[in-house]
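Structure 1 and structure 2, given next as structure tokens, are two forms of the same protein chain, each shown alone.
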Structure 1
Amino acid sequence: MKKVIVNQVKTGFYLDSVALMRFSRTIAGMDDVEEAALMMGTPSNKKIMTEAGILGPEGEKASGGDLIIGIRAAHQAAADKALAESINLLEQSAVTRKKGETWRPRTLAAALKSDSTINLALISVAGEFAAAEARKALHQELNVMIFSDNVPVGEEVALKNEARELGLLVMGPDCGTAIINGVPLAFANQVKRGGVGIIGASGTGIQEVSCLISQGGGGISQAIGVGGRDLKKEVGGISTLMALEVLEADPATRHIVLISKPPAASVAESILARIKESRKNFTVCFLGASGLELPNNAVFSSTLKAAAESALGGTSISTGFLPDQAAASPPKGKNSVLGLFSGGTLCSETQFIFREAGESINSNVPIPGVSKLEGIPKGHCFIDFGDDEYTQGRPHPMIDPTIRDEALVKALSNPDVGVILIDVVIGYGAHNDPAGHLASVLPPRRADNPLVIASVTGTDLDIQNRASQVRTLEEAGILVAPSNADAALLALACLKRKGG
């Protein structure tokens, strides 16, 4: 029977990309539907749909302001049913937004007219439109947080230079996390207020450190995400340097933590020179960096957990592993560790810890779809499922944890994998029960199955409740470490035990 591709275009219809991705997953899960996506008709989205084999002539005609429904099904009846359900989901969403909802402005100008105290705009549109919207906000004297990715680096530099001249701050592009005056933005957690300010080129890095500080009895004054490219040579740390000025002037901030992968040498030099002039104390966590000459008011931390403990004045956040965790060992002969991460910085931190322990890492990371997972060579392998390669046309794994399911199931029967490392990140924007989903995917524990070790980034104040998530994982037979760094160290300790 010939496969059927169906498109329908809803002109001038806009819906948040996260909602569209969730709807796409629902439709793709219907009987006899091979692939489905609901996307705005931007050039990049149409390219994704073409590569997925779900874009037809009607969808090709759509513009960036139109919504495309694209479906590939085994037969016409399944395609028609999926299309009808897609339209039903969109209509339900429109009704839900209208019922009992207070007025929401549809333009930046209308928002400013309704509230003259607004001083920050969060931009979350397709990357090709993000710079234009950010520039509009800057011209209205607003600070900007650009959640969007795929913004050309030249546009980023131009925006940040313009903002600097105006005395405004640009966070991002690809800024996934911030906490401003106690308000969590995008992927962030409900943490205690306190005297620690964070500046980070990493969303999950900010989340991990802010949550550990909150768990350790401290609190956060501000957490400023600057975007993953800010400390690269092309950008020059413009937003990081401006964020340093903001926190320097903030009376609520007594200690500042910097989080990033190693910056360009010239950028690091500028940042460390500015730190030297500061009246405040710093913790510098440039994961994987070495040979830094820090000023007297700064200390270096090699892990996110160490950075949190430094910000707490050296207070230990946890007492270590429980006896039964430390005594665990993988099945005999299975000596490889496979990391399945949703947080890119958590993945990088684990790689750094393994290299520091003298372990070699297999760089032959499986392609998106993880269809080749069974054939990867022996050795430790760590995959960041939040990377753009894996999330094109799909929700981020913190939103939709199913993206890791296939890899997890295959790893359980892999003859080389003795330990599976996995991160669970909760908070605003994240799945409502990622631990429950993970537990549902795991089969009953068998002696020849790999150990599964997890960490939970979040707090008990989050709606998912960290303690509840930990309990769900432990009941499923998963070892839960106090932090991502502890999970990596526990995996190494388990491997070294007899029989591993």
Structure 2
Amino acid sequence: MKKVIVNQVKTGFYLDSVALMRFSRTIAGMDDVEEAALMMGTPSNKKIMTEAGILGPEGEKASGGDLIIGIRAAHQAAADKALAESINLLEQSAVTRKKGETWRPRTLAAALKSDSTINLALISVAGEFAAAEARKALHQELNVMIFSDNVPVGEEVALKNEARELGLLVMGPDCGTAIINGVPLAFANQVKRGGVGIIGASGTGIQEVSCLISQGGGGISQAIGVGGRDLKKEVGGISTLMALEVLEADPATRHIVLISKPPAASVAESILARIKESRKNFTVCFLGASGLELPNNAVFSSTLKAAAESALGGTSISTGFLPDQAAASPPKGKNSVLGLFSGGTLCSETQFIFREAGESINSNVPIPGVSKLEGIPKGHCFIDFGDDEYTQGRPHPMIDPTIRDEALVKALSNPDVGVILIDVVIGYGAHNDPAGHLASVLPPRRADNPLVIASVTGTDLDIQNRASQVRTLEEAGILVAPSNADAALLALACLKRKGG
């Protein structure tokens, strides 16, 4: 076979030289094409083509306003194919072959230049960088939600003080959930709008309460997260107090629910003093706290469920659900409850209910009166898989539920475990089908397997749809309670049945 040089001249055809260079590269890269170029026939271009050995007699005749296709190929077939492709490219040249990429700013400053109506920054970069980004946002007069954790507490205090000076709100650090003006942010659910405002130091606490209220016929005006440390002594409740101001001034908020672990005494004092001045009614849910003296306009709720019911004006959420009736008998000889949680506050609520029932329990995140889990779990045991020890370098179990798969499967054959308690959290940010995932992990139920009890934190408005998640769980042989607290009560009832 013989090398061939093929030229074709398109008279009076102009195309930009950069476009032509790109076509040239495409053609030169075809099989058995040794060299190729598409160029306008100017003297300097013809010289380049001659030196590259692709200019034949036909190309020589071209003038500066003509386009030359020059191809040198290993054989005629390859040359013909390359020529056809060249013409094809030229004919298509007016059509966009590839969509341009959308520009995205690299910095907050550039983002604001592109859209001056921005009023909230949602920050979820690694903790070591989060404070710096938050500070920039505050200086640009933005309210801030910091999802990131691992922000030094000193930075948190500094940011919150700065924000207070600037008249801006800082939610977080470690703020997983908020609902502002009806918009769920980060891990949050699609709830009905209504008159209940929530201020919470806990993401899953806000999720559970807001969902129970929404499912129970009420609605949420705003849900403001303040971060897990806000009510600690070092921070002093700066954001909680600001959130109180915000909701006090909000005409849509009729009743306010406060959710947190028990605050430092000095902080509790200032918060309760502020509540006393308020014209609105409060439900205070400091999980695990006792002996609080509340002002007249506030009532205490010991569980998330009770807080939701209080906010609904006393309406019972789980009407028709009676733990004793719903209870089943765990397999013979298996007397322990193992809780596998993705929501930290849901884990705390369960501990509280078990503690109040007089059960001896342990946990990797113990509430007061509960033993710290050490070594091999014994007795009732409640594990929060969202705790740092499980999430180092991997996604949170609400995003990736596989993190507790192994523990779940192991528990099925554990000779002590009679009941497995599990939480399923849906909504924005969460896995797209956590119930389906659980069902796929569980083998067909056997009589000697422990009972599995679950609750679903979410609403029927969430994309995962609470009702269909419940159905999936029930079809997999899981007992589903209407709330996390009810799941704990159901587990206790099952134990009792065993005992009876």
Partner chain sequence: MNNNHPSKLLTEPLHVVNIGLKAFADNLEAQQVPVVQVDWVPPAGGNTEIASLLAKLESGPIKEKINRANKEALARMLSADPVLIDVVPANEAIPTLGDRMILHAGPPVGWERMCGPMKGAVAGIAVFEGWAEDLITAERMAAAGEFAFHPNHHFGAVGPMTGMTTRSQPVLVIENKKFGNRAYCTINEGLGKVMRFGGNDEEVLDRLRWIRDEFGPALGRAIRSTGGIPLKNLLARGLSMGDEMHQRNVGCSGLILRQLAPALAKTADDLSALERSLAFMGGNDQFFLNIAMAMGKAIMDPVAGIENSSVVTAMCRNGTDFGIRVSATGDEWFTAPVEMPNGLYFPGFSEKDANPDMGDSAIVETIGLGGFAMGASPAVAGFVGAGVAADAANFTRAMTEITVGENPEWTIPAMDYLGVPTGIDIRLVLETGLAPTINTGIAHKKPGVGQVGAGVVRAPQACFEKVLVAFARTVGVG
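Residue 1 is the first residue of structure 1, and the numbers go on in sequence order from there. Between two forms, the rigid core is defined as the largest C-alpha subset superposing within 1.5 Å. Here the structure is a predicted model, which is why all the values come from computation and not from measurement.
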Of the two forms shown alone, the one predicted together with the partner chain:
2
Kindly check if the Cα atom of residue 87 is displaced 2 angstroms or more between the two structures relative to the superposed rigid core.
yes
Taking the rigid core as the superposition reference, indicate whether the CA of residue 59 shifts 2 angstroms or more between the two structures.
yes
When the rigid core is used for the superposition, does residue 113 move between the two structures (threshold: C-alpha shift of 2 Å or more)?
yes
